[in-house]
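The chain that follows stands alone, in the form predicted alone, written as structure tokens.
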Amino acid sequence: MNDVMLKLKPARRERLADVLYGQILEQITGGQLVEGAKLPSEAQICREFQVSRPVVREALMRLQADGLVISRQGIGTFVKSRPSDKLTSFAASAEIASYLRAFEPRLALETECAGLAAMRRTKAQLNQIGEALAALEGAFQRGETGWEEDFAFHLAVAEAAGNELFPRLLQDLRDIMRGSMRMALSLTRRGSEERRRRVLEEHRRIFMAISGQDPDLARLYMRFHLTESRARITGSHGDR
């Protein structure tokens, strides 16, 4: 298969690796780089984008971590999957890399929050989580993205963990979580009814595990939910 030429624009102020990530992502979502297409070599991207090799390697590493490309030693880097073509309409292409990176600290933080919440939650805190879940369901029924309700749910879980540092840390991530939640939930709102049902069911399972005071199950369901949320953005499921 012939190599595909990338049409890259030199970056100015934004984080170079994220800008490069975003522009390659645009080529993938736009169909210029189809699944199975081979990307230009690192040296070629360096020349065309006017950046150093470490910048190129970081961008390619993030694309591979997000399941968008695959590297084959001694052969090159190839497009693995194509996200929804609507993805870049919900967020600036250079911001998408940072939004996806936010899932890594969230997995570490919120998985443990869910487990501790199952052990420590009070009846009032459980009610607060349940109210946030009901609000998210209502937002979906009204055709809204529901990102504020989604954040409220995750914050309520953190507060139920019984350590004031957990909700404080989550609040520190609020801005980047808002961006990633808006992006993921906008795709969900435009997607199938089955996709929306799955998102709500993931939240319900977390709530039920916390309600049943099962910490292992709560951790499992929170990790599953965050992993699935990330996969829905990158198109790993293949549903639109």
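Numbering starts at 1 and runs along the sequence shown. Note that the coordinates shown come from a computational prediction; the quantities given were computed from them, not determined experimentally.
FYI, the form predicted in complex with a further copy of the same chain isn't displayed, but the following is about it.
| task | Specify the contacting stretch among 197-205, 43-51, 181-189, 23-31, defined as having any heavy atom within 4.5 Å of a further copy of the same chain in the predicted complex. | result | Selected stretch: 197-205.
| task | Examine residue 142 and determine whether its closest non-hydrogen atom to a further copy of the same chain in the predicted complex is within 4.5 angstroms. | result | Residue 142: no contact with a further copy of the same chain in the predicted complex.
| task | Classify residue 148 as contacting or not contacting a further copy of the same chain in the predicted complex by the rule of any non-hydrogen atom within 4.5 angstroms, answering yes or no. | result | Flag for residue 148 set to no.
| message | Although the partner isn't part of this model, could you tell me whether residue 95 comes within 4.5 Å of a further copy of the same chain in the predicted complex, counting any heavy atom of the residue? | response | Because no heavy atom of residue 95 falls inside 4.5 Å of a further copy of the same chain in the predicted complex, the answer is no.
| Contact flag, residue 116 vs a further copy of the same chain in the predicted complex, heavy atom cut 4.5 Å | Because a heavy atom of residue 116 falls inside 4.5 Å of a further copy of the same chain in the predicted complex, the answer is yes.
| request: Consider the chain as shown here, without its partner, and state which of 155, 126, 133, 109 has a heavy atom within 4.5 Å of a further copy of the same chain in the predicted complex. | output: If I apply the 4.5 Å criterion carefully, the residue I get is 109.
| task | Pull the contact list for 58-74: residues with a heavy atom within 4.5 Å of a further copy of the same chain in the predicted complex, in sequence order. | result | Heavy-atom contacts to a further copy of the same chain in the predicted complex: 58, 61, 62, 73.
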